[in-house]
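Below are two forms of the same protein chain, given as structure tokens: structure 1, then structure 2.
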Structure 1
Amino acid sequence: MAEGRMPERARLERPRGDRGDRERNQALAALTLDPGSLQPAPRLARRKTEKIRGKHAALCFATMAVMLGLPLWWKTTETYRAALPYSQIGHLDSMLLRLRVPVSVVFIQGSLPIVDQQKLPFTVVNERDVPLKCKMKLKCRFQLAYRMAGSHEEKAFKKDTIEEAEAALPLPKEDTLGSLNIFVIPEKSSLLPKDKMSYIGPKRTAFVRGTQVRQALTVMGQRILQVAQSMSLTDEVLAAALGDRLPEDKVSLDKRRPLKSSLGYEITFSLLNPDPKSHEVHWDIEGAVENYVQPFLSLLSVVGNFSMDSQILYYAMLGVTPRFDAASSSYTLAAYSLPHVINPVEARLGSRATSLYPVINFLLYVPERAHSPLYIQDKDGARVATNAFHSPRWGGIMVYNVDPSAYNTTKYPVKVDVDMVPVMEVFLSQMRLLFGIPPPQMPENFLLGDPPREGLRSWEVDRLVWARTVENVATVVTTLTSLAELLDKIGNIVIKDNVASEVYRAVDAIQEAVVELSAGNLELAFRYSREAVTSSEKAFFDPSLLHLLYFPDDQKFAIYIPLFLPMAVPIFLSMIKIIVENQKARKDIEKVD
């Protein structure tokens, strides 16, 4: 029985052995098909660790580039722009400019009815608006302070003539730049001619004939205001100051083009001798400058510094061939040909290219013998009395003809001594026009006193200072506004601290000038306005603001792309690969779950 059971157990155990062999064979076949699975476990772990380390390195590089590299590059390449007072500059363009003229009105005994005399002293303010073509508002304010005359002033008016009375007047307490003193004399006073109602002297003093009618103060107020306006803020003054900001029909074009305000001016006197073989010309320019020009410019020193020089140019032609007039046996230059005279001559002067300030040229031309005598004609074909003409903002030319009797000789060159008196009279008249000081135009019932020896009345100098001050204010407003718009539009321009300090200084100075103008302190206002012009010009023309020093955006891209693209592309591709692998791993985990 035992023997009979043994075969059955053996039979039962054999299938188990066959199943194990089958599993072993399958494992061997699998190992044979996948050689990579034969790699040991440490190598698989090492590959997995290197992949994770690569991801970490890519993330680290990207983080450093974004968190450290970009801010560092942005900061080191940032355009430095100092802060500017943009809001204050914006308000300048629409500010109110009030010009206050202090006028002291003194009534002599008998110039007013007793009833009106008892009302004195008091102050009257008259203000008028000046229309402009810009946002800026301009008002002329005349502050008339009425009072009765003192004993010293009453004594001065006992003189025989108006000139003696003016000389005997004590020095006014307010004889400052821009102020006026008007004296009202009795209606029947013999100091003035019977047909004259007012007298304007060479100083800041005027005389007005009084009245005894009802409401005499009202009538006199109109007369006094007319005199004050004639001596200070006239249309010519405003035209010289504001130019194109005034309406076209307000003033003529010539009155809009005086010399621009400047810290200094250079004056050149030139003698042109185109025919030195025929003329040996001598001129005492040094004596003429000392006797005539220097006293004139000493009064104008308040508006700028002046330097003068002289030269003699030989074989210098006008560039225009004169026309022969058979009726007068002379040569003429027509008015239409005068503009063509300046350019050929200016090429020989040679002073404008090296000058820092505006150059004023005064030329004395002695025509050659073949074109002598030479006369200048006006638009109507008549001879110009002075035989001279001027060009705004450039200078003047005078033709000096040689006496025809000098040619009655056989010995050449003829010696020519220039009479400098008429020459200087012409040049000084032209200088007045160039600076915007035309001859005063007064009503018929006004008596105008003769100017002093220097050639300028005190109130004429004041009118020039008024014009220069208002011009400076308008110039500074335009300069600062243009600068602010430029810097706001172009963000690549560097604004250095020195530029910003000049802008702040200009804004402060122009605000001070406006305050002083409204207070009637013309001298201080002019100083502040000139400081504002200097600072604004320094800021506007600073070399650091030149647009050629900066690259536009397309050039910046052309520079930075070769630098950043080789570094950014690998980092960018690594980031994409990491994102794709993470998304794939996340999907595999979701499938297993």
Structure 2
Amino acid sequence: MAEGRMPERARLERPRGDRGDRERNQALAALTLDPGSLQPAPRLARRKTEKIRGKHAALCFATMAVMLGLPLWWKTTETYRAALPYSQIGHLDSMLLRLRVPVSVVFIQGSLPIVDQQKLPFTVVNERDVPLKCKMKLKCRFQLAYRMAGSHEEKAFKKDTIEEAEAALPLPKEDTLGSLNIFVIPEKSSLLPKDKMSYIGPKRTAFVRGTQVRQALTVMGQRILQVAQSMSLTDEVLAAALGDRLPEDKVSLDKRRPLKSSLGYEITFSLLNPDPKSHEVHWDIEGAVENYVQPFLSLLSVVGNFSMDSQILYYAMLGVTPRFDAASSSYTLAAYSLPHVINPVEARLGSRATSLYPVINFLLYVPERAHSPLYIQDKDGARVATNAFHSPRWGGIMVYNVDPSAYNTTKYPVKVDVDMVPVMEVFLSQMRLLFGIPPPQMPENFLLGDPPREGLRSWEVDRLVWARTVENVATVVTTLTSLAELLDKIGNIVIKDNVASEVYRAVDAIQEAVVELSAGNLELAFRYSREAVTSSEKAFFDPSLLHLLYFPDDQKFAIYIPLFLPMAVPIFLSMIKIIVENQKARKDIEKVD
């Protein structure tokens, strides 16, 4: 094969050398002048060189297009996508969330058999799995640190009543958010009424009656655990936090009432006076806010920022006409019509112009004279004692009837001074429900201490913070996983550096929060979880994600084709030609062989 080609090559060398125009013209002239002297061999050779040169040029084009054109096109039309921690986000989905509740258990002299007393101090850990529908795992871990009481504490229990004893107790070393102090008092102690087993105070303190039976520590452990659980991570708290992640049988509609976790809340008190011609209503909202609402909210300030304002709206009507009840000569709003009450009023309430926090509305409605007195009926047709109702995640409405004796006058409008105490009682209990702090439900043999002046027990706030932290963690996990999934699925989305950094920040914060939760530092964990929520929401709702979303592929190709088609077709055709020729040549050679 090689031998066959060699002479041909040699002959080719020469004509390649003299390719000057003049020479070629002379050759042409010679050809035309003297056809007889035509030598077929050099002509064939020249044609072949031309062909090979064409082939090389075509190959050159193809390589240029592939090596230079395609990368250039790719690079210039590429969407910028910063790297994201996909694997870490993937792990979040199936992580283990361990909630550690540090409980210090203090035994007063005589509350335990002597044998058991000698075993103190030591620490017991009790862990409980919470079944979830998703891949995440949740464990509640109560860490009970047993010890004997010190002399100061002993002294406090010499008092007569339980409240005094509680007040006399020295401030515990660890009175942080989420921690609990449980004191075990002697079985025969008169501090607790006979039928009560335990007492839960307004702070993070509880008293449990001791026992002298055998295996006293095991028995006590169960009792203490029950108390600790009802002060921190009850089923209600978890249900409020996890919502639909819990299996269906654990969630009832009632538990979905609380407001979503947010950095802040705006509370608006509105007085609706639909009939200013008959009523001149005055309410002392300044005093009420100062005396009732602000102390209450100052306790909740851990959970978020609160801002308040009030307004009076005139000619603001309810959306439904109340029914006249002849028997009691009063008007009634039936339970089924209550959902229609809010919408028309809401148009007047004013938009939340200056902040993005959720607004909680509390409306005090003074019915017009033609419709008063007005009473709200519940589902069974009975009057609601408070004459109020609330709508989850929106707020509450209370109807305030004007004293009918006020109408015995000829001078209109009638002056109405609103008694703010019952109104604020209703609004504050509605506020508890809206924030997810329902009135605690304790077993029969538990004695519940009165709440302090401000209206909230410390451990109730703790329960709320537990719920909010777990909710935040769950929200962030959902947000991040769905964001990662979305970005992974749609390649068109631009991922800018700031979005990526928010995602990284959220992932870091959520991991910190999980670590702090398992270490029992509720406050820190809550702070981290809030940070994670902020960052993840910022990343998820970043407007830059939408920039290139609306360029479907078919439109892109409509733009590309007029350029790419005429460019690519000659290259492809010559490639095909070269391949076909090569195959043909190989076949010829095989034939020759």
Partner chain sequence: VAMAAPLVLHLLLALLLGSGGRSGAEPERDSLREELVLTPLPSGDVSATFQFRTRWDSELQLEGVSHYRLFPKVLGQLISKYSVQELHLSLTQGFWRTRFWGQPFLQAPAGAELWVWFQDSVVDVDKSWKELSNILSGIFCASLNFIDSTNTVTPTASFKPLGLANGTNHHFLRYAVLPREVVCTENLTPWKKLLPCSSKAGLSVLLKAERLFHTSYHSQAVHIRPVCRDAHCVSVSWELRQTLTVVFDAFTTGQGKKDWSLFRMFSRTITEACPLASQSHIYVDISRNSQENETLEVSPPPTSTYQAVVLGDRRTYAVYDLLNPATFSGSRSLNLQLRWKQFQDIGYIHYQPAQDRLRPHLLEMLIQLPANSVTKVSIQFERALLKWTEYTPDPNHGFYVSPSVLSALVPNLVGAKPANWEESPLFSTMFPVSDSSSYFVRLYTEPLLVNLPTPDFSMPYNVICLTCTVVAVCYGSFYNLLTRTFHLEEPKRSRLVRWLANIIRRIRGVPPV
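Here the structure is a predicted model, which is why all the values come from computation and not from measurement. Residue positions are counted from 1 along structure 1's sequence. Basically, rigid core = biggest C-alpha set you can superpose within 1.5 Å across the two forms.
Given that just one of these two is the form predicted in complex with its partner chain, which number is it?
The form predicted in complex with its partner chain is shown as structure 2.
Look at residue 527 and decide if its Cα position differs by 2 Å or more between structures 1 and 2 after superposing on the rigid core.
Comparing forms between structures 1 and 2, the residue 527 CA shifts below 2 Å.
Once you line up the core, how about residue 564: does its CA shift reach 2 Å between structures 1 and 2?
Shift at residue 564: 2 Å or more after core fit.
Can a Cα shift of no less than 2 Å be assigned to residue 540 between structures 1 and 2, given superposition on the rigid core?
No; residue 540 is a residue whose C-alpha shifts by less than 2 Å between structures 1 and 2 when the cores are overlaid.
Just grab the Cα shift of residue 61 between structures 1 and 2 for me, core aligned, in angstrom.
Comparing the two forms, residue 61 shifts 6.4 Å at C-alpha.
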